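We begin with a single chain expressed as structure tokens, specifically the form predicted on its own.
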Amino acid sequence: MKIALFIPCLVNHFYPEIARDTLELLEKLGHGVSYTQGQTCCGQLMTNSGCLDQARSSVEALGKALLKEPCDAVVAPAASCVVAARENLERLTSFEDFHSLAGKIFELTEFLHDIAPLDHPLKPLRKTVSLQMSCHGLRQLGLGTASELVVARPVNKLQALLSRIPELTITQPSRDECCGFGGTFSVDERDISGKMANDKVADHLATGAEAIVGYDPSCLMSLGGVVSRKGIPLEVMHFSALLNQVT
């Protein structure tokens, strides 16, 4: 497929390795990948703070950048930014091409699970990982079944992808509570956010895993901060790094 890569601000400025791993992974899987210049924020922080005019301006610039080259899909390695981009393109803009674009934006997990299913042979990896199933991905993108729901056949798309890696052991906390980041919540309610992040790291540590693996860089940044400050022996990594390593 012809893919336009959408690299959100957080990835661009703090985790360029996630962008690199995503690009390399998609190319290894046989997709044609392009990146258009002029990409801006999806508007998430602005909408979180009620600044809709600023969010509209930002997402319109993002839409114009992504429309520069025809593509089959737009793929981003950040669940919350995908949710914001889709919602803001649809509700804050009146340009029909932006509305159509919103329907072509996919988070990397859902792209590899639903749109272009991963069927590439993967190398074995002896590692135990704990899945960070972040809120936006669970409750707005349907990447998994939230733990507060009781269903006969729960879904976990991240686990389904990673379970294709031979010898990888996958675990996760029993509850998928928020890590405490929550966009501007981590700024406005710093103490509560910090307590939530500490609790979440403790839950992951209790699984016996060597690494926390997730699909949302903002949540991984929150957890990684706790791990780094406390010297906790846990890796914190985006799942694109894991798949790129074994593909």
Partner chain sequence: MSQTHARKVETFTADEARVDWHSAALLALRDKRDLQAKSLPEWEQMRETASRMKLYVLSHLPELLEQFTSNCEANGMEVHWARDAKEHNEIVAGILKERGKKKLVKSKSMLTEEVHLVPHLEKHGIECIETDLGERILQLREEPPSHIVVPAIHLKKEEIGELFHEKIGTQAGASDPTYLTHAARESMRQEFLSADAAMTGVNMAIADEGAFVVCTNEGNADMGAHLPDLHIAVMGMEKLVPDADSAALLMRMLARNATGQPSTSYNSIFGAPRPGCQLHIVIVDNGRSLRMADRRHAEIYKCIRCGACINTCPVYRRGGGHSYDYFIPGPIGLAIAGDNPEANSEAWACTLNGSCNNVCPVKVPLRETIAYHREQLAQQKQLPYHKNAYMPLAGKIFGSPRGLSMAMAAARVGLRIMPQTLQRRIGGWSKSRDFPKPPAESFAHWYRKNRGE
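Residue numbers count along the first chain shown, from 1. Keep in mind the model is a prediction, meaning the values are calculated, not measured.
One more form of this protein, predicted together with the partner chain, exists but is not displayed; see below.
J.: Quick check: do Leu118, Val129 and Thr207 each get a heavy atom within 4.5 Å of the partner chain in the predicted complex?
T.: Contact check failed for every one of Leu118, Val129 and Thr207.
J.: Look at the stretches 119-127, 144-152, 93-101, 158-166 and give the one with heavy atoms within 4.5 Å of the partner chain in the predicted complex.
T.: Of the options, only 144-152 has residues within 4.5 Å of the partner.
J.: Does Gly50 reach the partner chain in the predicted complex if we count a contact as any heavy atom within 4.5 Å?
T.: So Gly50 counts as contacting the partner chain.
J.: In the predicted complex, is there a heavy atom of the partner chain that lies within 4.5 Å of any heavy atom of Lys28, even though the partner is absent here?
T.: No, Lys28 sits far enough from the partner chain in the predicted complex that none of its heavy atoms falls within 4.5 Å.
J.: Does any heavy atom of Ile192 come within 4.5 Å of a heavy atom of the partner chain in the predicted complex?
T.: Output for Ile192 is yes: heavy atoms within 4.5 Å of the partner chain.
J.: In the predicted complex, is there a heavy atom of the partner chain that lies within 4.5 Å of any heavy atom of Val213, even though the partner is absent here?
T.: Judged by the heavy-atom cut-off of 4.5 Å, Val213 is well away from the partner chain in the predicted complex.
J.: Would you mind checking 182-198 for residues with a heavy atom within 4.5 Å of the partner chain in the predicted complex?
T.: Read in sequence order, the residues that approach the partner chain (within 4.5 Å, in the predicted complex) are Gly182, Thr184, Phe185, Ser186, Val187, Asp188, Glu189, Arg190, Asp191, Ile192, Ser193, Gly194, Lys195, Met196, Ala197, Asn198.
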